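Here you get one chain, nothing else, as structure tokens; it is the form predicted alone.
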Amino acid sequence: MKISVYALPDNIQEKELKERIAVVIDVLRAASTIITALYNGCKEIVPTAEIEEAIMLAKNYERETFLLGGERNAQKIDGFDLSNSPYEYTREVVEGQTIIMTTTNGTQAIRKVSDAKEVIVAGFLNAGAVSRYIQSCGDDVTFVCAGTDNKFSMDDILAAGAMLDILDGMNTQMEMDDLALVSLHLYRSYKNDLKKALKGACHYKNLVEAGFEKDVDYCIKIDQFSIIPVFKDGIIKAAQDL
């Protein structure tokens, strides 16, 4: 199995994804929120690149059947129902609902890799489930880190490393590129104290300064859910619901 890791979605040539599984990682916070929402029973998530696109799509739904969620610069978007905090996506709020979501980095990355053989959304929260799924498929894999404002983001690289560590522990035969090797070594250096690794990272500091430290602590919990979000035909659903 060939494994590639990209620090940013813009670094990828779309033709490289045709026969690969693309695993999109945006730990802080879009991927973690998507995983949580699906675990709590939301029907589906529609990722959009722009706020205007989300609002236009919402016109196709009956008002009681959807929620608008997302952020810009870590803050809730005016007029939206939810921000990008996973704590807002409780079962009482999202069960049975379509969530139309737009975020600064994560939803953009998901849309960017839509030409892949299969697109999965991952983070620390579902690292084990995603790793087992990847091994069962046997296809080559590209981990796509969403980054932060078009810059490398430590949290995403660490999550890629976590999944590679799990795959290695299952004796998966992997041919890793250089950034995959770096991700694995970095994760192994900090796997017992992820917060220590992130405390100096820009995205971590920005979220903590904005009052979201509780969100960060939640998002870096390892292997909490068995949900595998799959992006297909413009919609994200849990794998078992496809």
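Please read these numbers as outputs of a predicted model, since none were measured by experiment. Start at 1 with the first residue shown and count on from there.
The form predicted together with another copy of the chain is left out here; the points below concern that form.
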Tell me, out of E52, D178, D193, E64, which residue has a non-hydrogen atom within 4.5 angstroms of another copy of the chain in the predicted complex. D178
Heavy atom distance at most 4.5 Å to another copy of the chain in the predicted complex, all of K151, M154 and V182: yes
Is there a non-hydrogen atom of A58 within 4.5 angstroms of a non-hydrogen atom of another copy of the chain in the predicted complex? no
Quick one: does A201 come within 4.5 Å of another copy of the chain in the predicted complex, counting heavy atoms only? yes
So in the predicted complex, is another copy of the chain close enough to N206 to count as touching (4.5 Å, heavy atoms)? no
With a cut-off of 4.5 Å between heavy atoms, is L8 one of the residues that contacts another copy of the chain in the predicted complex? yes
Tell me the stretch among 37-45, 66-74, 211-219, 185-193 that has any heavy atom within 4.5 angstroms of another copy of the chain in the predicted complex. 185-193
